[in-house]
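Shown next as structure tokens: one chain only, the form predicted on its own.
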Amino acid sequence: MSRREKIYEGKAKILYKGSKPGTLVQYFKDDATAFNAKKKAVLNGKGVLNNRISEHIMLMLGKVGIPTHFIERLNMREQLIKEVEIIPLEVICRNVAAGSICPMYGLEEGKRLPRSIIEFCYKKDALNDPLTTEEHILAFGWATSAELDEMTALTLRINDILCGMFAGIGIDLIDFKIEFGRHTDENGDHVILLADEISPDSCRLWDSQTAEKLDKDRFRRDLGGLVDAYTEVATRLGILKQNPKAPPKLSVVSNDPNSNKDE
């Protein structure tokens, strides 16, 4: 097998050059990181779960008109995606007070916010992804005013869709982080696409009845059971089913001919 050309390696994913022009292969690692990679671990199966959950969500968003970079899942750890120029901003949508917003504004964790709040952070690990403002974004040329408007509108739509989807399976969407990229489509038009991933790595997800955390906070806060929590999310979404003969084990539900492939 020929060696693939690595384009970029991040904390949780690797990007390789795709077989067709304008495409990349996104590989999901088992690495878990927190606090800008100051805390690290390798958790077997995490990458497989994030790949499947993100695929499910990207497909669902695409069906309701959200433009995404997702093309298809290639195997249990990889997706074929459209190549984009990542806009150097993390877009955070908050519905309930949790994480950094609590000490910043003296809020009690779990308090529902008066309305959903959109925040922008400059995507720069060396600076710990600082919170930024529209004034800074425009002054430094990270995005245009039209791009900010488009990203904000898409984020609010995504929030509405995801809140409904998760509520239907007994999960509260507390907050999430997403990224966007610039892409030139087949007609030569410049468009903004949802990029990166949407998974329990990038969302805070709490059980609606117990408030049990089903996301990366289990790793951040040393709660343990991160892979079990991600498996629970995948199971509720219908991606996985439990084998009654072996309760701890889970098998994949898919009609995809690639579903039994690994990397």
Ligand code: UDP
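Residues carry their position along the shown sequence, with the first being 1. Remember, predicted model here, so these are calculated numbers, not experimental data.
Below, we refer to the form predicted together with the named molecule, which is not included among the displayed structures.
Screening 197-205, 39-47, 55-63, 232-240 for residues having heavy atoms within 4.5 Å of the named molecule in the predicted complex returns a single hit, 197-205. Among the residues 129, 172, 83, 147, the one placing a heavy atom within 4.5 Å of the named molecule in the predicted complex is 129. The single contact residue among 180, 176, 166, 120, judged by any heavy atom lying within 4.5 Å of the named molecule in the predicted complex, is 176. Remark: residue 213 does not count among the residues lining the named molecule in the predicted complex, judged by a heavy atom distance of 4.5 Å or less. Although the partner is absent here, residue 92 lies within 4.5 Å of the named molecule in the predicted complex, judged by heavy atoms. Contact annotation for residue 218: none of its heavy atoms lies within 4.5 Å of the named molecule in the predicted complex. Of the heavy atoms in residue 88, none are within 4.5 Å of the named molecule in the predicted complex.
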